[in-house]
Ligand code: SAM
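The chain below stands alone and is given in structure tokens; this is the form predicted on its own.
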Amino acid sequence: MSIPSLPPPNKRLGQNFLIDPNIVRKIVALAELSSNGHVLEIGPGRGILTEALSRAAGHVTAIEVDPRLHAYLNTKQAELPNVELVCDDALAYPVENLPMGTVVVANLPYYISTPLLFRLLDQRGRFPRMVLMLQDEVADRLVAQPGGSDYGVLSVMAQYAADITKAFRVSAQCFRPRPDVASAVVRLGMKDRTRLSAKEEVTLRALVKAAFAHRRKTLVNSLRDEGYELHPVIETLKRLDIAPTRRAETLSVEEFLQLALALD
């Protein structure tokens, strides 16, 4: 069998391959892996991080959507005996079948990072922590505090589920080809207990999405425009001592929680 040559980057898939071994070491250190633990890697690319993960963990599931890269990584399988190489779309792969306690370590494909984040957070009982390379502006949204333009649906829902740290930025020089956007690595430690039931979490997400649907409008007007009945919303806000004239971006995660519980 002939060995495939190193596949060139696919622009449609937004491929920018990490080449800096120092960044790899920092990512693996942040993940605090154990020699018998399980890791999920999304987008292994040419395998620089995969190789380091295989040395640090007991088993690695690496999901690659590009068949060319999957074929290339398969030629290195002898060097990666504890790595399961999967050719699949991470948005479709059944992550719910992974072992409990799996740690997610990934250079997420930037063009699908937000839906992937929500999917992983939905399975947070399975993943005690995640160390993710993201576009810098997505990292800023994850850690944003109320009052700024970065604060939105992702900020509220991620901070409800996890304690999040923006660990470090990554220079474009650490990739080939160099990306046009800045990158950063974040660590998400899942909270042991979250306050809402599964049904209440559905209510919270719907509420937060509706609240931010019209950012320039007041909270009351945005919720009304998204189908919430005006009178119960105003009465609930008064009871919670939240001024109806406030905008969604000024509410803390705690205030959104209280509002979701009161409106459920």
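All figures in this text were calculated on a predicted structure; none of them were measured in a lab. One-based numbering along the sequence shown.
Keep in mind the form predicted in complex with this ligand is missing from the figure; the text below concerns it.
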Exactly one of Val65, Ala57, Leu207, Leu219 comes within 4.5 Å of this ligand in the predicted bound form through a heavy atom, and that residue is Val65
Considering Glu96, Glu84, Asp89, Glu79, which brings a non-hydrogen atom within 4.5 Å of this ligand in the predicted bound form? Asp89
Please check if Leu33 has a heavy atom lying within 4.5 Å of any heavy atom of this ligand in the predicted bound form. no
Report whether the minimum heavy atom distance between Phe17 and this ligand in the predicted bound form is within 4.5 Å. yes
Any chance Met130 has a heavy atom within 4.5 Å of this ligand in the predicted bound form? no
This ligand contact in the predicted bound form: Ala52, any heavy atom under 4.5 Å: no
Spot the stretch among 121-129, 137-145, 187-195, 107-115 with residues whose non-hydrogen atoms come within 4.5 Å of this ligand in the predicted bound form. 107-115
Contact check, 209-236 vs this ligand in the predicted bound form, heavy atom within 4.5 Å, ordered by sequence, gives none
